[in-house]
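A single chain comes next, written as structure tokens; it is the form predicted alone.
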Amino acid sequence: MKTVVLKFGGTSVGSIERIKKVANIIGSYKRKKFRVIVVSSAMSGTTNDLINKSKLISNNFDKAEYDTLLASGEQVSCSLIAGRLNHLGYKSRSWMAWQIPILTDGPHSAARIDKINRNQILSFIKTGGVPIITGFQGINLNSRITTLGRGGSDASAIMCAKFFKAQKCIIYTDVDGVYTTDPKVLKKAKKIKVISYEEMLEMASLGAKVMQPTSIQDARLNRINVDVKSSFTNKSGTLITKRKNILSNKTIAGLTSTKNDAKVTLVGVKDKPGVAASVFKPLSQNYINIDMVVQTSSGNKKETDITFTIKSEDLSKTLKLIKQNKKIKYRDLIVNKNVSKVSIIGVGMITTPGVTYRMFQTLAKKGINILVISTSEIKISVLIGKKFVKKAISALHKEFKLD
């Protein structure tokens, strides 16, 4: 009998009626003779409500207690799902991650799953039971509850698929798959039937909200096929799999854009070895993620300008750290918050010349100026004015025949 892991996101379990529908979906897999393991997120809005409560208690809420607080949300949804399945005649019970246990490593709020003890779950499945496991959480070696970061229930599901040797991991969410770009930005966006781990990882890292990037990386490393489907419709979804399983003539798989970027430029920094490290070290120590970076030297080779992008929410802290940094001197500090990053992603660009030219030419024809460029083997990202995002996405979607 084959094992399948079903993961339900917050919107899928967002109300009692939706939980009843989820129970029916689970029942359909049992009727097809699958061994079913369910992983659930908290009901939509619950985690944000708990975060807000912690802020009302303290602006420096203890990290371990913060994880304990947030982990309670999944306990509610899992109990309700199990209760509904029992009502329908299926044998089911909820399992908190610490009861299994799911062992984690790493800091609170950003832990990673290291090991899952299989014994109790396998024994329960052998009796015909359906275990409902809390996603997003585990327990560390100090017997404290840890969480995996927002969207971490995906990671829980994928690691369950790994340790229980599931045939497939199905992520049920509020969208019926992965699209060539955000349908809210472009109505002509098309659902992608099959996409590689690498393409999906880039899309998630660059702004696509369907899955957490670390979860996709876990799936890629463990070669677990992931289906992304909607719990609200009976339509086929998107399969995330390895490259050799994909037959496609598309050079570009999809486009992404961001909404919360800020560009920072240090003008007139002394051009010498180690200057960039001096700029970025304090930012790294304060967990500020640097994205796109450009360094340009002046004609006299004595000065350089350093431009980089960060998330808007990190801007005030970044500026404070730069101004406090005694190791660097600069003539001016320029900030631009009205920028967005637009990216094209596709494994096809590895073997297709001219993709960079086509992207830049398409944007030029629309009068869109490129501020910063960043590339990798399967993606090209450009920073542009925020007001041009929709125009850029529409033009590039058409240029690469994704309409």
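Please read all numbers here as calculations on a predicted model, not as lab measurements. In this text, residue numbers run from 1 along the sequence as written.
Not pictured, yet referred to below: the form predicted together with a small molecule.
Where, among 149-157, 262-270, 322-330, 102-110, do residues come within 4.5 Å of the small molecule in the predicted complex by heavy atom distance? The contacting stretch is 149-157.
Ala42: heavy atom within 4.5 Å of the small molecule in the predicted complex? Although the small molecule is absent here, Ala42 would touch it in the predicted complex, with heavy atoms inside 4.5 Å.
Could you confirm whether Thr47 comes within 4.5 Å of the small molecule in the predicted complex, counting heavy atoms only? Within the cut-off, so yes.
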